[in-house]
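First, one chain by itself: the form predicted on its own, in structure tokens.
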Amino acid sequence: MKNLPIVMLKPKEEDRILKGHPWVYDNEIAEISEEYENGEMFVFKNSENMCIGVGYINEKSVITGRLLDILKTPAEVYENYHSVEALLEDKISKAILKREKIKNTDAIRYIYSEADSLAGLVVDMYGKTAVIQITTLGMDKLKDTIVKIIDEKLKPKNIYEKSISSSREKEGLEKIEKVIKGSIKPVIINENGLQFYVDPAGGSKTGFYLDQRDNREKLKDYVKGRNVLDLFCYTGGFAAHAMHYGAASVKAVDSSVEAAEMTGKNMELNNLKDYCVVRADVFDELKSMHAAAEKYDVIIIDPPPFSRGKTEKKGGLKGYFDLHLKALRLLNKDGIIFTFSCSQNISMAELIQSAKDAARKLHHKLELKAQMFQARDHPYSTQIPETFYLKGAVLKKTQENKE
């Protein structure tokens, strides 16, 4: 990768990057060596002209630079890779290798953006179907090379691009949904001994919430013989696992018609009984269930993000508090709540405190039994907090309701 243009950083701005965080903000750049097009690859240097890494830039974004390779020692040079293709092949190969020990499913996230040093790229495999999601201009310009490498390494029968993230607009990109290879249609995947229909073209994200795989398996320690309520059930991942692990009954609730229908299909696919699926707004349904004096032994709360940025955090925390308050009214003594947040800027401690605050208002007491995180194929780095977004807690009610 000789003769790449150069981005020169202001003094001391490389400190955070050399610790492992791959972003360069617009106010950290001193100068750019020559004329260029947004999305091009660059060598990044500090104010002392020392190379610190290789990546791409886009001045349309506040995050102007994203490094794909950060040097570990000053002695390293960017000629480590003779071409951009060689760099991408190395990163993709390492990402695939990280997942080789995942055996309880044939649906795996093989590339998770910054966590795999491939900022702006996500690749999920559902059986023989690869779904690619690109969120940045720099990665979009490398798409042909990425598809070629993915085709060689993972050997998918079908490749589908589902680049519909709202962040593409900030990068000056339009949303794209298209078949790159083969065809696209719903597939059946295997997870923890169960089967699920996945519709990559029509479903949320790339078709399935792969990040909850390990947490769904944890239900087996809590649900046997118990009545379970699954809120924001999506396509029934938690609901099906609860029945599979011996729940006496399951009620699954989601506001989406498509999600509710798919939940029913997934229950039927696994020959599960004693469940019902309700298509309703979760908050409204919680009020109705409380009025009807319904009670449950295990309640699963897995909502969409309530807070996507700092300005939304206060409202997001209120949303979690209200949700916990309404759910706890339905929980039997010694009952269990599985509660999750996929809002990156809400911490584990804040999620747990939200539940405990709601319990206190109802004169309940909650005991923390376990903490949960995103699945192994969604690795996160302590140096890149943006890669850590999913957190969850198992909480047990240890005191009767005194309302």
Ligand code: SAH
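All of these numbers come straight from a predicted model, not from anything done at the bench. Start at 1 and count along the sequence shown; that's the residue number.
Below: the form predicted in complex with S-adenosyl-L-homocysteine, not depicted.
Comment: 279-287 is the region of 279-287, 169-177, 314-322, 329-337 lying near S-adenosyl-L-homocysteine in the model of the complex, near meaning a non-hydrogen atom within 4.5 Å. Proximity of C233 to S-adenosyl-L-homocysteine in the model of the complex falls within the 4.5 Å heavy atom cutoff. Interface residue remark: S255 is counted as part of the site for S-adenosyl-L-homocysteine in the model of the complex, having a heavy atom within 4.5 Å. S-adenosyl-L-homocysteine in the model of the complex comes within 4.5 Å of no heavy atom belonging to G225. For the chain shown alone, Y126 is not a contact residue for S-adenosyl-L-homocysteine in the model of the complex, no non-hydrogen atom being within 4.5 angstroms. Only one of the listed residues (D302, E114, D140, D297) places a non-hydrogen atom within 4.5 angstroms of S-adenosyl-L-homocysteine in the model of the complex, and that residue is D302. Of the candidates Y110, Y245, Y160, Y209, Y209 is the one whose heavy atoms come within 4.5 Å of S-adenosyl-L-homocysteine in the model of the complex; the others do not. Although S-adenosyl-L-homocysteine is not shown here, in the model of the complex the stretch 89-124 places no heavy atom of any residue within 4.5 Å of it.
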